[in-house]
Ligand SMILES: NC(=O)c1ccc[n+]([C@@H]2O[C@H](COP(=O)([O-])OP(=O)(O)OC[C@H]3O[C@@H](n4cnc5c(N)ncnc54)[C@H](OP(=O)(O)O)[C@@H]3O)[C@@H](O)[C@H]2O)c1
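Quick heads-up: it's one chain on its own, the form predicted on its own, in structure tokens.
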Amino acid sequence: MKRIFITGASAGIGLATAKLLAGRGDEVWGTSRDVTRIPQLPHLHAVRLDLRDMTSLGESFHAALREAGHFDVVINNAGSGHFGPAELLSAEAVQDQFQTVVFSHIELGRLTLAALRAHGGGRLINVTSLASRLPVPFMGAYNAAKAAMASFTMSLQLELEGSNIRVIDLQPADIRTEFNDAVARTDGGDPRYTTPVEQVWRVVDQNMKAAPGPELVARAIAKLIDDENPPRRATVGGFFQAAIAPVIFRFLPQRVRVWGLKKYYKL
């Protein structure tokens, strides 16, 4: 039985993961801004946490830690998205995206490492995105934030080499969740972007609806928790996106990558 802390446990990947882990007997502390959205299940403890409030983040984590006694695993999962032309992004929109996807995750990671050191070891799983390597058009702030978090995760892996703390970068491809419903969409009122924004959104929405469900990611997370020697980076999703595309793109020059992504999103 593991004691696990996971953010964003009221929907999507976080909810599926919390339910799977609690269902097998792990004690799970799952967070949400609205704890009424977290189902009342055996072994699942609801924690109110707002990633936009760093003071609240620390207080919520330490309250859960006191209740749990220790954590074996912490999963940085919660986040949000923004869809619109990068040229028209406001400083506020970029700041908001980085707050929820980078700054809060780094802070929770800092708190986690201190807790894991006190316990003698454990695992920190940062849920980034395949978009950190294969960016989605008109999701510039999200792509950049996820890439920043993936890079920060690798920095931790380098610095913690040889310790009893394992840091893992989990990169989901498209997963069928309510994520698109919550994405903030803007086109800035610029007619030059109206058509391509709508075209790419149609492709993104179609891909999401045809993608595997969040249970696939939940099972991958459970495997990362259970494996004695888990990989430092894991990708999960549909076969082409998660297995084929990253391998192909690793060896292609930038101009071919851009051409391929334009074709994929029908730009």
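Treat the numbers as computed from the prediction; the structure is a model and nothing was measured. So that there is no doubt, residue numbering starts at 1 and follows the sequence shown.
Here the subject shifts to the form predicted in complex with this ligand, a form of this protein not shown in this document.
None of 128-136, 106-114, 151-159, 83-91 except one has non-hydrogen atoms within 4.5 angstroms of this ligand in the model of the complex; the exception is 128-136.
For the chain shown alone, Ala18 is not a contact residue for this ligand in the model of the complex, no non-hydrogen atom being within 4.5 angstroms. Heavy atoms of Glu178 reach within 4.5 Å of this ligand in the model of the complex, making it an interface residue. The closest heavy atom approach of Asp26 to this ligand in the model of the complex falls outside 4.5 Å.
By the criterion of a heavy atom within 4.5 Å, Ala11 is counted among the residues contacting this ligand in the model of the complex. For the options Arg232, Arg52, Lys223, Lys209, the one in contact with this ligand in the model of the complex, meaning a heavy atom within 4.5 Å, is Arg52. Residues of 82-106 placing a heavy atom within 4.5 Å of this ligand in the model of the complex: Thr100 alone.
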